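Form predicted alone, single chain, as structure tokens, below.
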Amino acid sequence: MTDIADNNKPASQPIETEKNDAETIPVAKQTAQTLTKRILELLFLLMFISTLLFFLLRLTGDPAAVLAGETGDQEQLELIRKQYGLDKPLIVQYGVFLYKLVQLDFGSSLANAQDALGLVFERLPTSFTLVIIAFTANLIISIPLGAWLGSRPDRTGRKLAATAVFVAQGIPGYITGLLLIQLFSVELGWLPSIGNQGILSWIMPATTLAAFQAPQVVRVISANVAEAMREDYIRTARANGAGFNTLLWRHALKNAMLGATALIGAQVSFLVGGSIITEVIFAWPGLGRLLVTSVQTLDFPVVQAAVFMIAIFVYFAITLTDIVFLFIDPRLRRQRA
């Protein structure tokens, strides 16, 4: 009788919840918490990376020997070391470095005496624009292609396309770049292959960089869509008369993107790494090429400034991914009461 009485309670009566039930945190509050946490983590990360890089660079060689050249004598070496403070004990150099780092002062380039951070800022727009274009092209191609491959994986055409994507995943980025140069620059003469000579110069570097991680994104989205298409809610919607396009693009892909968002966010860090190789292949006047040249010439201040700014950019992309997650997945905004 007690059970019957309980079942007959008015529908308007609120149902009591346990104290441990999850409560949803407002998006704005959760976003502020995430940003605060990420900023603190970023400060620690920048200090750690800068310190580690400082000591690693000192193990790579003597910049004074590079600046003096093969004809430099001992007196010239000592003068150069004194000029740049390289004659001081390592711990003293590190203390001076930390003091200047707090002020975002990386010193002057050892190669041309220009401000190191200024040199980095000159190259930043070109490199990061290239990364953003490649990232956008990656998504425009990968998401529809992955959804198409995962929608009906048993079809012969889709199996062949999935095999091609799998093979493409194993092709290194520099091979793609060299093939594009050979075809569109050497053979056809359609596109410039060296430097930034206008809008046409962006096509091959951006394509090379986009192809660097596109196959992996396609495979993940394809697998997630294939799994989503087998869920009960898809069968229910199909039984209620929903069309194939509605099932795929409005339901299956939406849920598949929950699992793919983390990978897509991580693409930025991979693209930044891939841009270094791409810029070398196409002689691109960007930050990656500057970084490679600075490492080769032991230009410590420029290397430190470049890595510092790259770390900030990558961490910003990761933080933005976390915030997007908060909006698309309410489960992340739940906490125990």
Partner chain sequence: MTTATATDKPAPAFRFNKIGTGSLQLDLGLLLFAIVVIALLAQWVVLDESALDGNLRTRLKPMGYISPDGVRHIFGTDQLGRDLLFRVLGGLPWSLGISGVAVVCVAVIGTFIGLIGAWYTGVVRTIVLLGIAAMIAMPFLVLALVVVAVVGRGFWPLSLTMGFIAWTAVSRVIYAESRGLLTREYVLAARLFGVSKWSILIFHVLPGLRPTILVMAAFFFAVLLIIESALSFLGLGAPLNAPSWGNMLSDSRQYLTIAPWMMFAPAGAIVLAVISLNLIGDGFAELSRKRARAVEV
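Numbering follows the first chain given and starts at 1. Every value quoted in this text rests on a predicted model; they were computed, and no experiment measured them.
Missing here is the form predicted together with the partner chain; even so, the following discussion is about that form.
- The partner chain is not drawn, but in the model of the complex it has no heavy atom within 4.5 Å of G195.
- A residue is said to contact a partner when one of its heavy atoms sits within 4.5 Å of a partner heavy atom; F184 fails this definition for the partner chain in the model of the complex, lying far away.
- Contact check for A32: no non-hydrogen atom falls within 4.5 Å of the partner chain in the model of the complex.
- When contacts are judged by a 4.5 Å heavy atom cut-off, V92 does not count as touching the partner chain in the model of the complex.
- Checked against the partner chain in the model of the complex, the candidates Q76, Q169, S108, Q83 yield a single residue with a heavy atom inside 4.5 Å, and that residue is Q169.
- The stretch among 133 to 141, 115 to 123, 175 to 183, 195 to 203 whose residues place heavy atoms within 4.5 Å of the partner chain in the model of the complex is 175 to 183.
- Along 283 to 311, these residues reach a heavy atom to within 4.5 Å of the partner chain in the model of the complex: L291, V292, V295, Q296, L298, F300, V303, V307, I310, A311.
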